[in-house]
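Okay, so here's just one chain, in structure tokens, the form predicted alone.
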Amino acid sequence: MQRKRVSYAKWGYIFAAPFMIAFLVFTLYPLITTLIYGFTNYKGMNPPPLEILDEPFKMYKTVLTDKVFLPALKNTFVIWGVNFIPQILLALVLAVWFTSTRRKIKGQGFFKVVLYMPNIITAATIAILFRALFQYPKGPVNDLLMSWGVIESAFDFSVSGTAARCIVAFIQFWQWYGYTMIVLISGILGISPELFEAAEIDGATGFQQFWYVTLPNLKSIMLFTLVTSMIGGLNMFDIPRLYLNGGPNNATKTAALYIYEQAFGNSYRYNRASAASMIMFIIIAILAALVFYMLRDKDEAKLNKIIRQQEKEYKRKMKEQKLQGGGN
């Protein structure tokens, strides 16, 4: 009897279909329309018939010369940089601490849950919490600072641009360091225990194991963390929007908040918002490419270069032999 062959390919397509449909509808289509709208006259509550502008890059020039966009872009980088550096350092320390074989930390699961918990709290809840903490003139932070003698009278954090940026950066740090810690822990657990055992047998200290074993083998995870944090940081929107709505004096206005205000504010400049979105897309793509290039495995890159050169040399010799054989 001839057995009936079972084709599993169709089931693969069926299981992949929901993701593909969601990707096409909610990612690819908006991306294409955003790209197109940046070159058109698409704006207003009742947009006119869609037409390409006489000067297609007019909206891009307008955004790049806008006195609000460039400071918003600067704010985005400053807030992301101020929160990411301590975030990655603390997350790395905690990840090494929890995965240390010398220090068997009791209740690791509990501590991991507590440290990760800020990441699952909604942005609206966090914004309300910190507005209450830094309330003026009576608030927990002001009361503590006055009781410790740091300040003589209550300080209004909502009118200081520097203070507002620091608070937003701290919120981003507090919200995401637990997630970064979990990612780094998974990366450390993926390193072969034999490497640590060999280093310990050779008499390496804890810091030497971290520097010569842990960090080099975490390069790919660090690359993932840096790129994803950069993408998320440069698209920062919810906390600056909900905490002080970009204030005071646009001190916490980010590029994403600028795009939102252009598209859904009183002006409804969808074309300008689309142009700003594509500018941010290009900036993020360039920075991600630079990060990938700087953190690439140089030894592997050199080896691949040598292999490519050998393949070219081999093909050249084979071509010469073929020509010589044809001539004979």
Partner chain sequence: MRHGIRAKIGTTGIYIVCIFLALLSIFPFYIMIVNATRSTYEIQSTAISLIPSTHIIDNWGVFDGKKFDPIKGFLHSMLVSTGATILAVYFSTLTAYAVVVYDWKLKNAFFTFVMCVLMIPAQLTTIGFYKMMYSWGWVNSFAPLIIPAIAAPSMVFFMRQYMIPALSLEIVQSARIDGAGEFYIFNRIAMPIMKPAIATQAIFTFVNSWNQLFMPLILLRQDKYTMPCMVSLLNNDFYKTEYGAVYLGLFLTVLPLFVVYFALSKYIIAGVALGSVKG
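Computed from a predicted model, the values in this text were never measured in an experiment. Between two forms, the rigid core is defined as the largest C-alpha subset superposing within 1.5 Å. Positions refer to the first chain, counted from 1.
Just so it is clear, the following notes concern the form predicted together with the partner chain, a form of the same protein that is not shown.
Though the partner chain is absent from this view, in the predicted complex it lies within 4.5 Å of a heavy atom of just one residue from 192, 186, 101, 153, which is 186. Using a 4.5 Å cut-off to the partner chain in the predicted complex, each of 31, 111 and 273 places a heavy atom inside that distance.
Only one of 192 to 200, 132 to 140, 74 to 82, 157 to 165 places residue heavy atoms within 4.5 angstroms of the partner chain in the predicted complex, namely 132 to 140. When the partner chain is considered in the predicted complex, residue 65 lies well away from it, no heavy atom lying within 4.5 Å. At a distance threshold of 4.5 angstroms between non-hydrogen atoms, residue 253 is out of contact with the partner chain in the predicted complex. The partner chain is not shown here, but in the predicted complex it comes within 4.5 Å of a heavy atom of residue 235. For residue 307, no non-hydrogen atom is located within 4.5 Å of the partner chain in the predicted complex, even though that partner is not displayed. Taking the partner chain as it sits in the predicted complex, the stretch 23 to 45 comes within 4.5 angstroms of it through a non-hydrogen atom at 23, 25, 26, 27, 29, 30, 31, 33, 34, 37, 42. In the core-superposed comparison between this form and the one not shown, the C-alpha atom of residue 148 has shifted by at least 2 angstroms. Once the cores line up, the CA of residue 26 ends up 2 angstroms or more apart between this form and the one not shown.
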